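Here you'll find one protein chain in two forms, each presented separately as structure tokens under the names structure 1 and structure 2.
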Structure 1
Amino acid sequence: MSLATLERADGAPKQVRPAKPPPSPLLIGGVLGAVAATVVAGWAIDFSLAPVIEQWPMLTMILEEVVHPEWAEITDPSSRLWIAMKETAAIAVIATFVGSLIALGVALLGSKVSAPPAVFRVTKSVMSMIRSLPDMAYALVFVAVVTGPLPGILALTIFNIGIVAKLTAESIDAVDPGPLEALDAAGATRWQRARVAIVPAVLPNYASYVLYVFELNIRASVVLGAVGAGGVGQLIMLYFNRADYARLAAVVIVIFVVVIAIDLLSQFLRRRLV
């Protein structure tokens, strides 16, 4: 009879559940460390919920307006809201197309499989520099130079190059070396290797990355508009500065629905591609 069974009164073996092992010291230490880090961070910034409690009447008044959105903004196709949403979508589409197209070439230069060692190292360094700044920083730079939706397009394009190039370069590094060795044996050039073996192999993953950054661009373009980079973000700041919370709520509802719809569509397409 095994240690996990006991003899019942009728002679049949009775299964006994083994004792649950105690939590590991590493898990306990990690939880305690996370709690301690949170407490220290809150103490460092003097975190307190007192301002929220003190301003509760004002917050309640704002929430009363928010829960009664201006539905006319949503139902009217010619409203300022839908004009801004079209601009936001255009910014995301243009930035995704241009940025992802450039990123494919950068990824080929940033992989040790498809580029010479010197080019690979320089490109990797440049890609790291591009990713070191957030899209908001690029938007602030371009807003100081140009106006309209162009700052948002340029900021998101650079942001997309950094993300898509990095992910695609990692996919290139994982390409099956067999076809590449066969092409090298046949005397193929680097361009021919990339066109015949590398790009077709990474194309499904590349398409998935493009859809992913398109989702990010829809969300990011809303935020970039708040600093004057075009799109629905400018409308959000306008209604917020006017304290027009009913119209602001309508904008938030439309953004929420559009982002969820694009997210679901993108997930469906990525499952088909990869």
Structure 2
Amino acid sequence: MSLATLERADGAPKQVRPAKPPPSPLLIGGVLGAVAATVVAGWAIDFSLAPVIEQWPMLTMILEEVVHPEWAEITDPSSRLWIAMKETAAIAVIATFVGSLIALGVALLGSKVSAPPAVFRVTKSVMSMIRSLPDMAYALVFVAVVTGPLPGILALTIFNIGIVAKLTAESIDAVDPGPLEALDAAGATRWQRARVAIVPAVLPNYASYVLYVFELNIRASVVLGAVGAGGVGQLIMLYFNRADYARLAAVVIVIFVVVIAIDLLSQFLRRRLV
């Protein structure tokens, strides 16, 4: 109030209060775009929650069986479930090891810090093509050659190379350029720069990515079996096709516990690494 009177006393023109600006057109466009995409997607998949009510009795029937799991599957260490679980673990271990090892080399080729421009561009586009196919697609093709754990291992190895190489290459991009300049000034070769300055700098990140894909691999190898690539997935499909929900429930419990245990272990290790 007093300010306004002061201004008038000075004879200065009354200051116009700016109006609230409208939201940016990009924000409006973004929100409208998202709404439109949701409507179209909902229509494309016939979105409807009606079955939840109509089919509820069906679900309760199944859940009735699920809450009485076949405990024998879990308590007997020589059951099909445990054999499949061991296979799943072995697939994940081998695929993580081999895939991560190759990925480290690929990552060095895939960063502009460590590779010549032509090499890193080619590597990057090949990697993004490899990543764009889901692991399931690789498993399906490999299963055509031979069934069992081997195609599962190969599919996951490729999947791991894609993820670990991408994340590690990004870490390499972010490496402190100071030590690299010092090595250049000391007359180091490209290979020596990688060995001495880049690899040690990204090692903790790399190790944490490896643990991360190991987690993913345990989950993924559960699923890959569904197309005949070994492991628990095969069992899931078998029980699903037989509608043996009591045994399926036993599988769920074991997967649940194993996945959570590995999550916790890898979280603990990763916290110590970085």
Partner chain sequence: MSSATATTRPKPPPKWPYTVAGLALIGIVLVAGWSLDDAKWERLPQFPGEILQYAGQMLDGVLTWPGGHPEGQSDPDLTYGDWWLQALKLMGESVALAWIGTCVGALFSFPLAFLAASTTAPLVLRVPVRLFFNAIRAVPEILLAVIVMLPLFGLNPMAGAMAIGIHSIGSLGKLTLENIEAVDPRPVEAVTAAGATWWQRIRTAVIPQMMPETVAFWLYRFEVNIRASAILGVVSAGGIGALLNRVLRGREWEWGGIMLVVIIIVTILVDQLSAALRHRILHGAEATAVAA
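Bear in mind that the values here come from a model prediction, so they are computed numbers and not experimental data. Between two forms, the rigid core is defined as the largest C-alpha subset superposing within 1.5 Å. By convention here, residues take numbers in order along the sequence of structure 1, the first being 1.
Between the two displayed forms of this chain, it is structure 1 that matches the form predicted on its own. Relative to the superposed rigid core, the position of the CA of V67 differs between structure 1 and structure 2 by less than 2 Å. Its Cα shifted by 3.8 Å, A50 is compared between structure 1 and structure 2 on a rigid core fit. Its Cα shifted by 5.9 Å, G33 is compared between structure 1 and structure 2 on a rigid core fit.
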